[in-house]
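Just one chain follows, in the form predicted on its own, and it is written as structure tokens.
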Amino acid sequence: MKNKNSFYPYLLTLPAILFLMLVSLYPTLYSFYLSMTRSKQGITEFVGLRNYEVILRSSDFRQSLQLTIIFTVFYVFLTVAIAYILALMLNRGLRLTGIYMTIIFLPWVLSEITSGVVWRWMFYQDYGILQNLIGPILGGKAIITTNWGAMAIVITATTWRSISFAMLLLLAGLQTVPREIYEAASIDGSGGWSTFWRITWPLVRPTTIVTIVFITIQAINGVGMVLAITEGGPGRATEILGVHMYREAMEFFNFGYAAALSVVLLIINIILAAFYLRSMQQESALAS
């Protein structure tokens, strides 16, 4: 009877485990298999690691990787910095906080495609609102048609949409800090920056690490906003790795190569997850 009871919880969770394996494990394994094949004239052949060799030699992959690094660095820095400022402001108990929260969360409620199309419209040559405001400063040239301008628009739009998510995580971390600590620091004469670096930052650092990792994973796997705004253009100026993989699969029907790119992205995500777990272990060790 005791043995039956010990297996009962596993039986209850078995349907959920099978479902997760169906929707996540099977596609992952199939992607590994697909990355070792090549389709030519409707015939699929096994090519081993040839797709990965092509990736390592591909200048398009190296360019996409460089663009991904540039996009990720600016996007993560701006998102976390602005989200931190907003979270600190809201944590102080401003009036009309509910209205501010609603305004901040509106971009997150919108889908990536909807948000991207709106940003694209704002930079159209003839009737774009922001284009008409900024264009004269740059000689009337369409900003979205320049390499640096397209990347700046993509970074700005993606940051605008992700601020609310990062702010929510950071605000949750800030609200776990006891008010008594701030009151004691104020009595001791601690100022704003001193209080932040000596009290707030050490206590909220684990939440900050989680936020940075989540935002970084979003940046590396991001596709929707870039496709909706620039479609990876002009040329290949905004073709980050996720967009590069999408175009190889959906435009050029190079599914084996695209699957190999997805495996590369999976490896990058695993590295980020390992970094996150190690950081959490270090924080737990310090706390104990």
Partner chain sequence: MKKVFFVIFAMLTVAMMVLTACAPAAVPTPEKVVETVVVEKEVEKTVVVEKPTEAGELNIWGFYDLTNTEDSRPVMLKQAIDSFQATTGIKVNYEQVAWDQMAKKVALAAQSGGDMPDLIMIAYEYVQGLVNAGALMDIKSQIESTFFYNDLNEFEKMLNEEKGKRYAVGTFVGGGNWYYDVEMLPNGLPAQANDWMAECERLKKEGKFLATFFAGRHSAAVQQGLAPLVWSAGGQIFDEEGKPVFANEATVEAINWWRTLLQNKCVPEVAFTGDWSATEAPFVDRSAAAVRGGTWSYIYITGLKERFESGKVKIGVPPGMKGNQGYVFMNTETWAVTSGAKNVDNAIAFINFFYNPAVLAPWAKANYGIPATASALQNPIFESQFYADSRDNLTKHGHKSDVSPYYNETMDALAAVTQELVLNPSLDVMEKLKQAQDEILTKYW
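Here the rigid core means the biggest group of C-alpha atoms that line up within 1.5 Å when the two forms are laid on top of each other. All values reported here derive from a predicted model rather than from experimental measurement. Residue numbers count along the first chain shown, from 1.
Omitted here: the form predicted in complex with the partner chain. The next part is about that form.
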item	value
Triplet P15, F19 and R120 all within 4.5 Å of the partner chain in the predicted complex via a heavy atom	yes
Contact of R92 with the partner chain in the predicted complex (heavy atom, 4.5 Å)	no
4.5 angstroms heavy atom contact with the partner chain in the predicted complex for Q66	no
Contact of S58 with the partner chain in the predicted complex (heavy atom, 4.5 Å)	yes
Contact test in the predicted complex: G235 vs the partner chain, heavy atoms, 4.5 Å	yes
Residue stretch of 75-83, 164-172, 97-105, 124-132 approaching the partner chain in the predicted complex, non-hydrogen atom distance within 4.5 Å	124-132
Answer option from T145, T176, S111, S186, heavy atom within 4.5 Å of the partner chain in the predicted complex	T145
Partner contacts in the predicted complex for 230-258 (non-hydrogen atom within 4.5 angstroms of the partner chain)	E231, G232, G233, P234, G235, R236, E239, H244, Y246, R247, E248, M250, E251, F252, F253, N254, F255, Y257
Yes/no, L18 Cα shift of 2 Å or more between this form and the one not shown with rigid core fixed	yes
